[in-house]
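Quick setup: the C-alpha cells below cover two forms of a single protein chain, split into structure 1 and structure 2.
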Structure 1
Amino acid sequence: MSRRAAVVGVGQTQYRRRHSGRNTAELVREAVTAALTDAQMDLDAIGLVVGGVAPDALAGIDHVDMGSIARPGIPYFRVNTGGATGSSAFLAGLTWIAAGRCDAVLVVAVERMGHAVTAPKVFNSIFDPIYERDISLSTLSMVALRATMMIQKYGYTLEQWAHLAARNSELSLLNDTLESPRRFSAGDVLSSGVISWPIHKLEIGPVSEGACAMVIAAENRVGSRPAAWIRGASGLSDTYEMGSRISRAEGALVDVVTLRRCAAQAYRDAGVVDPAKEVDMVEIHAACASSESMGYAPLGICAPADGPRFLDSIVDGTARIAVNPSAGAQAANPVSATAMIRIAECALQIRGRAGRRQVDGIRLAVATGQGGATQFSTAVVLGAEPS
C-alpha cells in the first residue's frame, strides 16, 4: 500500500429483524455518528463517503443510498457486490486514502430488508433470467449446492455443521449489537427441519436490518487514536457462471479460488508467512455454518483436507485461532452491511473495544467477504501495529 492507513472508528446500530422505529436515513446516521464519535472526528474531517447497499429491491426503494447516505458537500459513491458489498465499500474507500486523494474516509453500509414482505423472492431475482432463473435457484440453494460438494470432497457431516451453528449461537449471547440472540443446541439444529438439503433451518442467519459505519484514516491523521492498522486488503471477482466453477484446474467450486488468492495477496502485503501460526482471529463472512467452514482452508488457517478436523477444534475450543468471536453472520446477516461488520469486528477486537465478546491478545485479524454466490471475495488483514 502506498500510504499506511488504519481503522480509527467503528459505529454499529443494533441488528434486528425490523427497525420499525427508524427510517433508513436515521439508521445510517446512528451508525455514522457512533463511528465519528469513536474516531473523535467531525464529519467535516471526512473527504469521501462510500455507501454500501446491495439490491435496492430488498428495501423497495430505488435509490436507498441517495435518500439516506449522501451528505451534501462530500464526494460520494455507492458499491454493490451482493453479500460482499460492505467489504467492497471498505476497499473502495481505502483506495482514496492510498492514492492521497483524502486523509479520512467514512464507509457506511445499510440493510433495509425488513421492508421486504417476501425477501427470498427478491434474493432469487439475482439469478440469470435466461439460462438459470427458471430452475428455481435461490441464494439458499446455492449454499446447499456447495455444501453437497463439501461432503463429497472433504467429508463434512450435517452433524458437524449443526455443532458449529450451536457454538456460534452460544457466542451470540455475548454480542451486544444483537437485539435478540438465539441460543440453540446441535440437536435443535438437526430437528429444526431441512430447508434445502443438507441445510437445516437453524443453520441459517436470520433476516436482519441495521447499519455499520467505519472511519478509515491515513497515517498522518491517526495520532493517538486507538487504531487497527490495515496491513493488507484485497478483493477479487470471478465468473458469475457457477457451472464454470464446479471443477476448474485451479480449484473446485468449494475451494473458493478468489478467496484463496485475495487472502494470499493480503497476507503478502501484511508480511504474514504462515497464517495458521500468525493470525490471532478471523471473521469469516458466512450466513450458514457450512459456508463458514468453506472459508477455513482458503484463509490458510488449515489444510484443505483438515477442514472437518479444524471445525471440530473450533467447536471443542482447542483451536488456536479465535474464529468469529462475534458469532458471525449466522447471528445477524444484514446483507448490505454484513461483510463490513466482519472488518468492524476485527477492528474492535484489535482496538480492545469489543465489550463482552472481547478476546484477549488479538494483534492480527483477518476478515472475509463473499458476494454473489461466491462470485466476489475480499480479504482484509488488520493489525495492532502499522507494520
Structure 2
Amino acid sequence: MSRRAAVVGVGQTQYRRRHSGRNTAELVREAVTAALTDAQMDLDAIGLVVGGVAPDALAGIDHVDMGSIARPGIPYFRVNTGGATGSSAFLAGLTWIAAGRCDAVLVVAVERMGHAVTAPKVFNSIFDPIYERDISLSTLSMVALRATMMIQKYGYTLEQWAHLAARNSELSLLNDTLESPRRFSAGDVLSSGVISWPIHKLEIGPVSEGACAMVIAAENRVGSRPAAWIRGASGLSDTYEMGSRISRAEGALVDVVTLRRCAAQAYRDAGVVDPAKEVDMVEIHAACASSESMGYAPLGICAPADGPRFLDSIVDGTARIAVNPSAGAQAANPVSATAMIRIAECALQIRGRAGRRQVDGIRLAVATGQGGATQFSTAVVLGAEPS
C-alpha cells in the first residue's frame, strides 16, 4: 500500500433475527455514532462514505441506502458483491486513502433482509441463467454440493461439522452483539433435520438484521488512537458458472481459488511468510460449519489434507490459532454486513476491545469475505503494528 492505514473506530448494532423494530436510518445512526465515538472523530473529518448494501429486492426497500447512509457534502458510493459486500466496501474505502484522496473514510454496511418476503427467490437467482438455474440449484443446495465434495475429497464427516457448529454456538454466548445467541449440542445438530444433504438445520446461520460501521484513517491521522493496522488486503472474483469451477487444474470448487490467491496477496503485502505459525486469529465468513472448514486451507493455516484434523483441534481447544472467536456468521448472518463484521471483529481483538469474547495475545488477524456463488473472495490482514 502506498499509504499506511488503520481501523481506528468500530460500531455495531445488535444483530437480530428479522424485524428489529427500527428503521434503516436508526440502525445506521447507531453503528455510525458508535464508530465515530470510538475513533474520536466527527463527520467533518470524514472524506468519503462507502455503503455496503445488497440489492433493494433483498431489503424490500427501494434505495435503502440513500436516506440512511449517504451524507450531504461527503462523497458517497455503494458497493454490492453478495455476501462479500461488507468487505468489498471496506476495500473500496481503503483505496481512497491509499490513493491520497482523503485521510479518513467511513464504511457502513446494513442488512434489512427480514423485511423482504422475496429474499429466498432473490438468493436462488444468483446462478448462471442458461445452464445452471434450471437444475434446481439454490443457495442451500450449493452449500450441500460443496459439503459433499469436501466429504469425498478430504474425508470430513457430518459428526465433525456438528461438533464445530456446537462449538460456535457455545462461543455465541460471549458475543454481546447478538440479541438471541443459540446454544446447542452436536447431537442437537444431527437431530435437527436435513435441509439439503448433508446440511442440517442447526448448522446454518440465522436470517439476521443489523448494521456495522468502521472508520479507516491514514497514518497521519491515527495519532495516539488505539489502532488495528491494515497490513494487507485483497479481493478477487472468479468465473460466474459453478460448473466451470467444479474441477480444474488450478483448484476445484471447494479449493476456493479466489480466496487462496487473494489471501496469498494480502500475506505478501503484510510480510507474512508462514500463516500457520504467524497468524494468531482468523474470522472466516461462513454461514455453515462445512463452509467454515472450506476456508482453512486457502488461508494457509493448514494443508488441504489436514483440514479434518485441524477442525478437530479447533473443537477440542488445542489449535494454536483462534478461529471465529465471535462465533462467526453461523451465529448471525446479516448478509450485506456479515463480511465487514469479520474485519470489525479482528480489529476489536487487536485493539483489546472485544469484551467477553476477547482472546489474549492477538497481534495478527485475518478476516475473509465470500460472496455470490462463491466467486467473490476478500482477505484482510490486520496487525497490532504497521508493516
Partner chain sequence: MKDVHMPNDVELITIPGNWNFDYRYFAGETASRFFAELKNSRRIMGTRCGKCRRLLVPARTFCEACYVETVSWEPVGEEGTLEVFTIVAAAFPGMPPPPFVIGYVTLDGADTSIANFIKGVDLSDIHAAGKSLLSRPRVRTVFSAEVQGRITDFHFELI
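All values derive from a computational prediction rather than experimental measurement. All residue numbers here refer to structure 1's sequence, counted from 1. Rigid core (definition): largest C-alpha set, two forms, superposition within 1.5 Å.
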- Is the form predicted on its own shown as structure 1 or as structure 2? 2
- Does the distance between the two CA positions of residue 170 reach 2 Å or more between structure 1 and structure 2, the core being superposed? no
- Please say whether, between structure 1 and structure 2, the C-alpha of residue 136 moves by 2 Å or more once the core is aligned. yes
